[in-house]
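We begin with a single chain expressed as structure tokens, specifically the form predicted alone.
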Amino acid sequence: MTLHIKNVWLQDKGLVDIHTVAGKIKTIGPALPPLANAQTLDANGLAAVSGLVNGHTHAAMSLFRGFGDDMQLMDWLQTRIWPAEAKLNEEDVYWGSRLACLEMIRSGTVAFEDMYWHFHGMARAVEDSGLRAGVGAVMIDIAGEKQGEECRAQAVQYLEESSRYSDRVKFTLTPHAIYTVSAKSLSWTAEFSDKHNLPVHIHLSETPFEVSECLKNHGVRPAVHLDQQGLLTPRTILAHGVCLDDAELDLIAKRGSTIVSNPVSNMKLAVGGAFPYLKAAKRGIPIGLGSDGAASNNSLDMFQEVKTFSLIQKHTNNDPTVLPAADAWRVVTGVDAPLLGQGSGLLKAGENADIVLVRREEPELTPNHDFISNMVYSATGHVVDTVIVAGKILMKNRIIDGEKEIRLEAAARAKKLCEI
């Protein structure tokens, strides 16, 4: 597919045109000549920005948005989420994930890292939505060795079957956490990841309880335990990282793993702290930003997430200069965590044609003293007009094909799942 985007505004460049060919940005410049057989999109002065990246979520949990809010974590899980999840089938996951993709497109997200059940339901939803995503096979074996064997066999099977999808669907290994996955399965995951060069996406150090249990059961802290199983590598995505100490951060930096902070979910579930961004950034650790699932956020709007991310770091460090807008924007667009977005996160020739067009004359972006500050501190997903992924227009004038069907089907399935 070839696309000619005309009259688009770029910060520091003014009005330019963008040519995309075969899913990549080919040329950016003023008044470019027409491309043969190209689709033309006149941006009429809309601002082009890099697409946002959601580094950790559970997309199909959009079905459980608002189902059991303001509850203690274990009570919420045991009385609401786990009983509802036990009813899930592949089609439920497909439609829940389609709903999540719809919300993400409308708020400018072009890529996300997911962790949930029913791999093919998620993968089909990503394929049909047009987004990019890391999609995996959840591994949990707290029920014993038989469950572990089934999870490992399933991961092998799903890897083989993942070839039926486009390269926008990236197969990822997703062991849930160190407290739900045995050391044997974690070690197997490390070996399988190394053999097939696969990313690994896992929760780590989200709560003080996780740390104390790891010390009690293994005699070391969570990051050390994960490293002992061979799972701290440049291919590893660590979700949360709230309770990491200095020695663990040193180890993660040495191994080259990526940490994804999820500030809204962490605050809503009252995990008892904030991700130590300054310490991680000073060590050069790749850092991304995630929403977590819509059941514990309850939004997938990464504009809201990036504002909260910056503000909680300023508040926690008692310093308004911490995590300025430009740095926060690099994080939410995946520039500081290349493992997450399947690209550099930059709008330049040779990079993925993943482009978001923003209505820069909306009230919340006026006046334009500093465009990036407006994007981080003022904007919400409402300012997004058009979303392009791999050179294909997924939304224009805030209209997405099939939106009503997705909403109605997801709502009907959610109602059935959440009947108590």
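As the structure is a computational prediction, the values presented were derived from the model and not from experiment. In this text, residue numbers run from 1 along the sequence as written.
As for the form predicted together with another copy of the chain, it is not shown, yet the points below apply to it.
Colleague: Contact with another copy of the chain in the predicted bound form for Glu351, defined as at least one heavy atom pair within 4.5 Å: yes or no?
Modeller: Result no; Glu351 lies far from another copy of the chain in the predicted bound form.
Colleague: Against another copy of the chain in the predicted bound form, would Ser373 count as a contact residue? Criterion: heavy atoms within 4.5 Å.
Modeller: Ser373 belongs to the contact set for another copy of the chain.
Colleague: Please determine whether Arg255 contacts another copy of the chain in the predicted bound form, using a 4.5 Å cut-off between heavy atoms.
Modeller: Contact with another copy of the chain, no.
Colleague: With a 4.5 Å heavy atom cut-off, would you call Asn297 a contact of another copy of the chain in the predicted bound form?
Modeller: Yes.
Colleague: Looking at another copy of the chain in the predicted bound form, is some heavy atom of each of Asp69, Glu103 and Asp319 within 4.5 Å of it?
Modeller: Yes: Asp69, Glu103 and Asp319 each sit within 4.5 Å of another copy of the chain in the predicted bound form.
Colleague: Heavy atom within 4.5 Å of another copy of the chain in the predicted bound form: which of Gly144, Pro324, Pro234, Gly284 fits that? Just give me the one.
Modeller: None of the others qualify; the residue that does is Pro324.
Colleague: Of the options Arg152, Lys170, His176, Lys268, which one has a non-hydrogen atom that comes within 4.5 Å of another copy of the chain in the predicted bound form?
Modeller: Exactly one residue meets the criterion: Lys268.
Colleague: Any idea which of 360-368, 25-33, 38-46, 386-394 reaches within 4.5 Å of another copy of the chain in the predicted bound form, heavy atoms considered?
Modeller: That would be 360-368.
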